[in-house]
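Next up: just one chain, as structure tokens, the form predicted alone.
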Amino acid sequence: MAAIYSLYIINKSGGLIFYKDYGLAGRMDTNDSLRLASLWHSMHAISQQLSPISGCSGIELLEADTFDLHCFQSLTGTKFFVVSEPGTQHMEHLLKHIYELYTDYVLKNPFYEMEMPIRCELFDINLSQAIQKDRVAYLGR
């Protein structure tokens, strides 16, 4: 079984710009993935405002019985979040690596328009390799 169920990338406005499903249970339909991304963006923003700690960057981990949701927010406000098996460790390293792939293959692509859905073959290829490498490392633990 895979450690990672799905990956979402949300722009600073809360729009879903990338979604990839890695789970075996089946893919969510488009409306459900858009709803989940929008809900997460809203919850993340509210948590920043309600936090008693000044300078809080929002929710980084949401733990449930059947999944964990790990989030990384870049300085530009783009959010990367992974839905994974409960108890999966070291997702922050994977999310930072995915952010590096995003900056290398998406933001440096002259044909990519900011805040628009990601359609970049090199990003997809390198992302698949990173996820596969993480799965192999997870199974080896």
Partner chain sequence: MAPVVPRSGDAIFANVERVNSELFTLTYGAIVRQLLTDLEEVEEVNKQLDQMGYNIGIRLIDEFLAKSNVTRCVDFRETAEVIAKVGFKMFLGVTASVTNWDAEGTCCSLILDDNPLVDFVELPDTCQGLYYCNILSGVVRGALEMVSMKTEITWIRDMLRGDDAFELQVKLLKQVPEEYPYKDDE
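Positions refer to the first chain, counted from 1. Since this is a predicted model, take the numbers as computed values, not measurements.
Below, we refer to the form predicted in complex with its partner chain, which is not included among the displayed structures.
K.L.:
Suppose contact means a heavy atom within 4.5 Å; in the predicted bound form, does that hold for all of Ser42, Tyr99 and Leu107 with its partner chain?
P.N.:
Checked in the predicted bound form: all three residues contact its partner chain.
K.L.:
Does Phe67 reach its partner chain in the predicted bound form if we count a contact as any heavy atom within 4.5 Å?
P.N.:
Heavy-atom contact with its partner chain at 4.5 Å: absent for Phe67.
K.L.:
In the predicted bound form, does Leu50 have a heavy atom within 4.5 Å of its partner chain?
P.N.:
Answer no; every heavy atom of Leu50 is more than 4.5 Å from its partner chain in the predicted bound form.
K.L.:
Is Ser33 close enough to its partner chain in the predicted bound form to count, meaning some heavy atom within 4.5 Å?
P.N.:
No.
K.L.:
Going by a heavy atom distance of 4.5 Å, is Met116 a contact of its partner chain in the predicted bound form?
P.N.:
Result no; Met116 lies far from its partner chain in the predicted bound form.
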